[in-house]
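In the form predicted on its own, a lone chain appears below as structure tokens.
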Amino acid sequence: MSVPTLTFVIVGQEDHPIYEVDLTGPKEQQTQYLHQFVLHSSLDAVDEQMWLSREPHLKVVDRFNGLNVTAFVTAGNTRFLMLHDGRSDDALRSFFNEVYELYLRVLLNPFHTPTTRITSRDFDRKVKLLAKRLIG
């Protein structure tokens, strides 16, 4: 039986990760690096797809070794990326919409800029709870 994959990343306007979490628990360091590489290498595919769609939810934009990268692009050009092993598109859409609301609350903080890393434990806890509730 293979280990489930569910890695979520928020990439800022300048292509820097501002939030990263492995939603299925800790992995070996090599596996974590592979997941980060796959997610960040899919940014070109996200940039191509976002101009072809009017929807913020871009669905699956890239694939690698049986893993899918699903993307969501905000109006401010912040990208939400999820590396997964074939999860429901509706569940991922709901997850992205809920995390977008959390992200907007973070942006309302006057001491936070769109390029600042999100280090809030409360944000992290809420993202993990949303993933557990909506994606499983």
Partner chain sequence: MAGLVPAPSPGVVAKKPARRCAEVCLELLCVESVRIFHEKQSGPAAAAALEAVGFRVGQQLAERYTRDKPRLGDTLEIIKFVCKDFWQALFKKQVDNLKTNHRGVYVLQDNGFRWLQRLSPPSAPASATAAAGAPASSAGSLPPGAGAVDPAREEAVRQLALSHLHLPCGIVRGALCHLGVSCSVEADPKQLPSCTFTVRIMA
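What you see is a predicted model, and the numbers here were worked out from it, not measured in a lab. Positions refer to the first chain, counted from 1.
A second form of this protein, the form predicted in complex with its partner chain, is not displayed here; the remarks below concern that form.
Chemist: Give a yes or no for M50: in the predicted complex, does one of its heavy atoms lie within 4.5 Å of a heavy atom belonging to its partner chain?
Modeler: The answer is yes: M50 has a heavy atom within 4.5 Å of its partner chain.
Chemist: Look up in the predicted complex whether Y103 has a non-hydrogen atom within 4.5 angstroms of its partner chain, and give yes or no.
Modeler: It does: once its partner chain is placed as it appears in the predicted complex, Y103 has a heavy atom within 4.5 Å of it.
Chemist: When the contact criterion is heavy atoms within 4.5 Å, does M82 count as touching its partner chain in the predicted complex?
Modeler: It does not: once its partner chain is placed as it appears in the predicted complex, M82 has no heavy atom within 4.5 Å of it.
Chemist: Just checking whether T74 would be counted as a contact of its partner chain in the predicted complex - the rule being heavy atoms within 4.5 angstroms.
Modeler: Contact check for T74: yes, within 4.5 Å of its partner chain in the predicted complex.
Chemist: Please name which of the stretches 106-114, 82-90, 61-69, 35-43 has residues with heavy atoms lying within 4.5 Å of its partner chain in the predicted complex.
Modeler: Selected range: 106-114.
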